[in-house]
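Only one chain comes next, encoded as structure tokens, the form predicted alone.
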Amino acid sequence: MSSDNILENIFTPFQECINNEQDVREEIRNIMKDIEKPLREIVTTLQIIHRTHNGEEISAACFAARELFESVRAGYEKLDGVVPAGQYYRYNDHWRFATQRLCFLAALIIFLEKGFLVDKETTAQILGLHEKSRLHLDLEDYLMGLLNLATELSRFAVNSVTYGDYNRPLQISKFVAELNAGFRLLNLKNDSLRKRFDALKYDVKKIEEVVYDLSLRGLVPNRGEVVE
């Protein structure tokens, strides 16, 4: 057998692998467009919290956002059928950022509706990433979502005061302080997660300053009036 034939026999299968991988990535990118569209709509819908403190309007926005998550779950269902078995981490760069954003949005909805921190399992159910054969909710994506939530809530605390809601910053302060305490229990080694966690202290400080300013101005509600 000639050297040319030997090289062809060796390298031809490589090109087939490359072509197959490119096809998979292209299909994933197309599916991600179907997931990112409702993601943007959910973000837009929940921005109402920075424009009003009307409870009914915020509840309606949460309900609308939950309906949009139906499209997100459908997208992840299709994605689960496209990602090759056992190759989650080979392709997850395509959906990592979107998943982190969706974790944050799911956590924000639960906070607005219930006032507590959503757990990882419930978040996976909201996104449609539970009981999948090839996809799962990565712990890092869930934690990144919670850190993004803290930043959004620091902004929410400031805007709540602007609209005359003095209970909300106290609720947010307690919630984010507990979230910060939870993260401090972790020995974070991951660089990106560690850097993002380092920024949490600034969110905590910003919220504490809002509460402190309310206290100085005599606007802190009586303990019995604070919304938990």
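No experiment lies behind these values; they were computed from the predicted model shown. Position 1 is the first residue in the sequence shown; the rest follow in order.
Same protein, other form: the form predicted in complex with a further copy of the same chain, not shown, and the subject of what follows.
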Check your understanding: Even though a further copy of the same chain is not shown here, does V204 get within 4.5 Å of it in the predicted bound form, heavy atoms only?
Key -> yes
Check your understanding: If you check in the predicted bound form, is K195 within 4.5 Å of a further copy of the same chain, heavy atoms only?
Key -> no
Check your understanding: Taking heavy atoms and a 4.5 Å cut-off, does K114 contact a further copy of the same chain in the predicted bound form?
Key -> no
Review point. Is there a heavy atom of E70 no more than 4.5 Å from a heavy atom of a further copy of the same chain in the predicted bound form?
Key: no
**Study point:** Contacts with a further copy of the same chain in the predicted bound form, stretch 18 to 57 (heavy atom within 4.5 Å)
**Key:** I18, E21, Q22, R25, E26, R51
